[in-house]
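Take a look at this one chain, the form predicted on its own, written out in structure tokens.
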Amino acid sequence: MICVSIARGRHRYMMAEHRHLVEQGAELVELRLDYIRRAVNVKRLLNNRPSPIIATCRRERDHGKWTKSERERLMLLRAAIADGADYVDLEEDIADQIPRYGQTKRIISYHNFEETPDDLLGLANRLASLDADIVKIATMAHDPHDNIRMLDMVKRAPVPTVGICMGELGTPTRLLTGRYGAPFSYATFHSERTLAPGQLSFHEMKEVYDYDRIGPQTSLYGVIADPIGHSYSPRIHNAAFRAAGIDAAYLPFRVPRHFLSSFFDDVPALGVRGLSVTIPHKESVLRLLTKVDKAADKIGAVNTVVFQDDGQIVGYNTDQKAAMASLLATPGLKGREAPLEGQQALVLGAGGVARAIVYGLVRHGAQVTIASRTLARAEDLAEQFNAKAVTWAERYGRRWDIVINGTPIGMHPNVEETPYEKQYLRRGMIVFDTVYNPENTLLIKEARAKECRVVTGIDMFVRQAALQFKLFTGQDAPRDVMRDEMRQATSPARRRSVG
């Protein structure tokens, strides 16, 4: 179950959001009484309530909005109990000052916005001893391993316990706490109104991650990156699992560089069976694998990891297969024998995606030139794959058959930028932009205007994700579902609504 926190300054707005959330499927809400600007009328909030509620009034020192006296706060919480609130949230230091009364259940809570303490189970035992029906522990994560410790505490706690690590590092606990026995997790009404660091919206918890369906038998997959918030992979993979009827969940794992090795040590405890790998880990993850696919080994970068039942940790690179499939489907190339043989191809960039594309182009017989804003990186990549390197300024030095952007230039929000000026585009050439947000980058728009043949980043992104899906599950991916989900996620209308 998901508990949605409502924090509005006026009673009628709080009540309206409550009704709206229940219409959207919410089963439990937390009313943050400390946000109400005028005198709080608990009875008004509780009368004819459409679902059970948790009454919470958080002090400023606990990152709440309550500025009046502590005596008045305690009186308000007692009033919530007397008026029949379904649950009341009591911090550890006031739990013995507010006795049990009627049918109201007691949530004894602990919040630490600085760290995740060492002895979480001892903390849970201490809170449980304060006549708790439910314990809530929310702490700040500074290490991905804090997630493991928190979830293990939830599993072993003496009473039903909600355990959450805050911050982007702690997102997995918000999604997995129910799998380990928590009665519910917390979400916010809207992604723009988070009440705690790293909090997800009700829509994300319900529609993107299917929180209530993540049970002990659910297979877990995910993406590792740093940062992680920009990733669309959870949306499209979870949509694919739903469409295919597979009991699986795909989660975001923020893993800073220096925690990569220890995160892999924690994978067995988490039960993760496969990972997508992106910046900054595509190259450094190689040292942690027991086996590497031939193409990934040649490229020197991995974007997919599968944890096999026999203990093998196998790395793959689906970027190059997806890029070549997208390119070879271009009108004029599709169906031809050796269509890239002798083609003059310019690759912009020398990062992980560019490496995969250069490898694929060279294998198909193209004459490849690399231009990077850092010449040394272009030269290193060119030497590895028997290609040519030029300076960034020299990228206009000849008439190219194919131009491929492997840089982030043109990505949202910098949508007015292009890595290749329109006056150098010409009719019939192939322009491939690996940027997928937005799909119609300035480069793609200008290429279409010049009647170039275009390949968009969404096509490549969906193809590489579909190949990952096959490696994860052994089944063909529902590519149309993944493509539709991706286009919805990156649509300008959606960016305006959430940004």
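One rule holds for the numbers: they count along the sequence shown, beginning at 1. Predicted, not measured: the structure shown is a model, and the values here were computed from it.
Here the subject shifts to the form predicted in complex with a small molecule, a form of this protein not shown in this document.
**Student:** Flag G274 as yes or no: does it have a non-hydrogen atom within 4.5 angstroms of any non-hydrogen atom of the small molecule in the predicted complex?
**Tutor:** Contact with the small molecule, no.
**Student:** Please determine whether G352 contacts the small molecule in the predicted complex, using a 4.5 Å cut-off between heavy atoms.
**Tutor:** Answer yes; at least one heavy atom of G352 falls within 4.5 Å of the small molecule in the predicted complex.
**Student:** Applying a 4.5 Å heavy atom distance criterion, does T56 contact the small molecule in the predicted complex?
**Tutor:** Flag for T56 set to no.
**Student:** Check whether R373 has any heavy atom within 4.5 Å of a heavy atom of the small molecule in the predicted complex, and answer yes or no.
**Tutor:** R373: contacts the small molecule in the predicted complex.
**Student:** Find the only residue in K321, R235, R377, H145 having a heavy atom within 4.5 Å of the small molecule in the predicted complex.
**Tutor:** Checking each option against the small molecule in the predicted complex, the one that comes within 4.5 Å is R377.
**Student:** Taking 4.5 Å between heavy atoms as the contact cutoff, choose which of P183, P197, P339, P408 touches the small molecule in the predicted complex.
**Tutor:** Going through each option in turn, the one that passes is P408.
**Student:** Of 72 to 80, 287 to 295, 242 to 250, 365 to 373, which is the one stretch near the small molecule in the predicted complex, taking non-hydrogen atoms within 4.5 angstroms as near?
**Tutor:** One stretch meets the cut-off, namely 365 to 373.
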